[in-house]
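Look below for two forms of one protein chain, each set out as structure tokens: first structure 1, then structure 2.
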Structure 1
């Protein structure tokens, strides 16, 4: 009944792998800050607060174990960004990787964009599995031979060698953002991409690093009048002229680059009307959108705010077509969540391959899945306790009422330091990557 990536009612999730250190003492550099599958799902990239990128590659399915899809093993790792200090502005620039976006593969090499707060870099990841041998003027160890000692000539040949994966920075896109970059998105034309900071969005050509076009600028003439910032931006998956950006006030603007060079005037404004009676000090803070993602079909988009996930039909601006509560029980904890700054946590969200299920993270290392078709939701936990190979994950439940059933956890026992902000879903299969603070969990659908 369930097709690939089908409803969560049929899918059972099993633990597959966990990457990272076991010890509780987490170094800041090891905090995972982004997770992204490439377009085939063969590669899985992570970025961390220390500016490092680790890429995992899926092993081809083995005949010995047809029950499970290939495991992900380290393919390449490199230092993408380094800490900097802008002396002119007295600004510390973190090396933390905010986002990674893969380019669709065009040749043997793989390309990805990684960005910190200020600089975007295009990395080329290529394989080398042969090396030339038999030079006339060089020894095998690289030392040069005295030409006078050469008595005969030979033709150098390529011989196989152990696979070496090299990452090299091909482009550095710098100095285009005054504020902190929160998003990058590759256009479906595969030639351009956008980068968004708190107040501006720039359009780049992948080949050109010394120029960038500003396409959105919401900086007010007087900064005292600042009321909202850009929180996320993304290009439409197949309309190269269309992109959206979300704001801290809970609105999403869709822009058409054909209309004008500067897209300050939106083509569409998506906003759910608010009940003025329910307005509180927290209303605006919790309505701030932390992530926006188009569906693979391009027909819908999903937004994540502090307490919910909303699905919008691009043809309807007045309200979302679906709203899913992630952790509504936190509404009565907003005061303490404000005090410990958790209310400002930026959760991401993602679609499954056929747009039938959406997923997002929560606290206590819980993550949530919402099946749009079956109207079911599920809470799962990423923890070392459930990390026996191929063990099925048991759904978790947070008790909201007075009575707590066995196996349920009460709201007050939730660990708010264990947040799952970043999750990713394989583009084709039911394989998900879930990042806790410093560990990466990979879960797979139970195959019989």
Structure 2
């Protein structure tokens, strides 16, 4: 697999860390619902169904072991969202974190956006390692003094203290979405961001919480005429006027905000004609796009549907330039996947640092990598059985029938309750984070 530096097709991946409890009995609140590296890769944030955000920080590399990259340890944990109740509609609003997006760092503090189904919050994560002492009008325990008792003035001083990481909510963006929010994306102008739900996309300014601009609205006048919903949306990485959104019908629309205030008319429509040979009862469900991601270069975009990953050149709308089958062996199992609701699982995808490799998840705690330059693919497994430090991950193969080889696993023995929906790739290094139910696995390139 080509690394962020490119050129190498034989990256060996090894186990680095696993976070989370080992228990087979998993609490619903502990299930990881989103994973995101910040822009330098030093911080890694996860959100869960219990509304918590956990941030891990990469330790500096050890001078004694230069070949050993720094591990990720807990940096800050905070409750981002609480369960709420919409009394008007008699609906519970889950606290589950749907998405986390980091803002580019401007000063010593870090900022991130987190969202549940209805409310987006801007969090500031800052460090304190000094505390002021020697106030004139305050005791050391915080009680105020009577000014008449002050006989001499002193200059307050800062004293060192144990490092404390504080997470404080700076903005709350609420009451703008009737339907469930599925995406947030920070604009390259670093001043605005978008939020998308099933039928609308809103544009926000990071400083203004009481209003947003509706830039896409696909809600029909009569809801019985509804034929598709918005599944994901993202801003272009360097053109602040351009964004894309994907739909449950397998189309991707690119919009230009310079054209009009309401972007209901798209600038480009990316859609691949359906192969009549593969037409079935499930065609519409499996063509729904669960994730869309621009490449770092801004030249390509990647989409994930149920069975495949597609790479699109932004200059060619008629068909993708690359298509990778993630788990084609499940095509014959769609009926049972429909019955157990797995067919509606929303898998995410991600690019490596130089856009040469893409990664996405599958079932049985498998995840797939596709090397675009060498046209190679690899299936790896996140499991505690391979969790010895620095142990190399062996590629896995799924047998689709006939005689099964020794190292292969039969398609009938795949565990559909074990699934990797959320993955993230370090922006500069070959370090990946993979979420399996309530565990976060971190793998890295084996360094000689």
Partner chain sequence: MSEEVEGTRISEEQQEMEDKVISPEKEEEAKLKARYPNLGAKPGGSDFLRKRLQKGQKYFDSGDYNMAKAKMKNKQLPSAPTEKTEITGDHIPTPQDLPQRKTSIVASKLAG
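Positions refer to the first chain, counted from 1. Take the two forms, superpose them, and find the largest set of C-alpha atoms that agree within 1.5 Å; that set is the rigid core. Everything quoted here is computed from the prediction, not taken from an experiment.
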Which number goes with the form predicted alone? 2
Core-aligned C-alpha movement of residue 153 between the two structures, 2 Å or more: yes
Does residue 275 count as moved between the two structures, where moved means a C-alpha shift of 2 angstroms or more after fitting the rigid core? yes
